[in-house]
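Coming up is one lone chain in structure tokens, specifically the form predicted alone.
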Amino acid sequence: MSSQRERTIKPTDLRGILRYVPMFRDHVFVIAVDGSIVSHENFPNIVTDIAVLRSLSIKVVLVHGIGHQLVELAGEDNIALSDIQGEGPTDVTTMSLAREASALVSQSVLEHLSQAGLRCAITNAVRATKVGVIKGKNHLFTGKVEKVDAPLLKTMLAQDILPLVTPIVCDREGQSLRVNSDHLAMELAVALGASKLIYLTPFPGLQVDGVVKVNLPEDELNALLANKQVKLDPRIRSKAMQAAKALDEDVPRAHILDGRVFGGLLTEIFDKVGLGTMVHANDYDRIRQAKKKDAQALYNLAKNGAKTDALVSRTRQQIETSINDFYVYEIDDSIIGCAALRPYAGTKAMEVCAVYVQPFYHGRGVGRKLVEFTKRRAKELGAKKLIALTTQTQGFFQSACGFQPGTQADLPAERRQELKSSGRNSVVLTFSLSRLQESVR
């Protein structure tokens, strides 16, 4: 425990935290807390960490489990449970105890959130349906998520209300069903377009052969889950499986960490090493260097961007001449976004330009992924600084991509003259590529 404490960020260490604030501001984090963690002595500290996230304009949705409390209630009355985790059949007796356990846990969570000064509310924004019969076995009162009322949850978040979602969920007829909280949190993260899905558990992370996997690419996680020789605790396997599903639905990060460690939540989010396991999507699999055959598609994107004066107008010939500077983002073999890297001769600087995403794909993080890709590519090419000139997307480059205000003095003389001649009066922004060594969790 002492070694873990040495790695944690103190909640008061805002200097280390604030540099990440523009990157996460107004993003949604879905946090799933095991029932055993709610009853642990560290839970009040977790609530304090959540209060810190809210103070930094990070929106939080909280999901709680009940397995620990369910076992305790069953032990008091010597009742045999049909299922503990909400994955197998839930009989009438187990369902009755699950409702009682959920009420107790929800009230405890509400009390802690209230003590921390956080506005919160239990919500019925999720609708469930029965799992039904699987391989001949009737799962009775076990449910799965059928629908998430995302507009309702987003309204609550916009009003600074923290939604608390319980694993007892009603179906269309208002009947209560037991839903596995790992599955519930995954569905919420997908529906809300969350930036992070975080599981707080009584485990140090996803362990393989006694070693915690710290950074795990999505494809490596899928390979682990498919390998029958890899033994995982069933509770961790459940979270890992749901994390994989979330990433497959475009949630970029999922975390599995020990909720018993003081300051662990902030450490996992804001420290470059982290505390538990972070599973990350293969963000750049869909990005490649442009080819000659892409010229027409790039011309169409540039033409659409020029209509609103977001991009400089480019002819097809100009694009063909500089095709090697362009990178494209593909979905189902269709180019839906692009960016270009322009070298500044005789300097250690490059310019990211022609960043454009088809309107239908706005809000899905495509533009940010393109810019992050160009950062890494520019660094590979030996650049020390990346520059962006923009007339309409200053907020995007600063808030989502971490750029800082610059001046025309950051540009070489030829580029300054070119900018003056264009009359666009673009804002100059800069990004120091040395910052890339600090991996963002």
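Quick note: we count residues from 1 along the sequence shown, nothing fancier. Definition used throughout: the rigid core is the maximal C-alpha set that superposes within 1.5 Å between two forms. Remember, predicted model here, so these are calculated numbers, not experimental data.
Keep in mind that the form predicted in complex with a small molecule is missing from the display, and what follows is about it.
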| property | result |
| --- | --- |
| Phe396: touches the small molecule in the model of the complex, heavy atom cutoff 4.5 angstroms | yes |
| Non-hydrogen atom contact Gly205 with the small molecule in the model of the complex at 4.5 angstroms | no |
| Interface membership of Arg260, the small molecule in the model of the complex, 4.5 Å heavy atom rule | no |
| Close approach of Gln392 to the small molecule in the model of the complex, 4.5 Å, heavy atom | yes |
| Which of 356 to 364, 150 to 158, 123 to 131, 342 to 350 lines the interface with the small molecule in the model of the complex (heavy atom within 4.5 Å) | 356 to 364 |
| Proximity to the small molecule in the model of the complex, single hit among Ile323, Ala310, Ala116, Ala297 (heavy atom within 4.5 Å) | Ala310 |
| Partner-contacting position among Arg368, Lys196, His183, His139 - heavy atom within 4.5 Å of the small molecule in the model of the complex | Arg368 |
| Exceeds or equals 2 Å, Cα of Ser57 between this form and the one not shown, core fit | no |
| Core-aligned C-alpha movement of Leu216 between this form and the one not shown, 2 Å or more | no |
| Shift of Lys369 between this form and the one not shown at or above 2 Å (CA, core fit) | yes |
| In the model of the complex, whether the C-alpha atoms of Gly365 and Leu224 sit closer or farther than here (change of 3 Å or more) | closer |
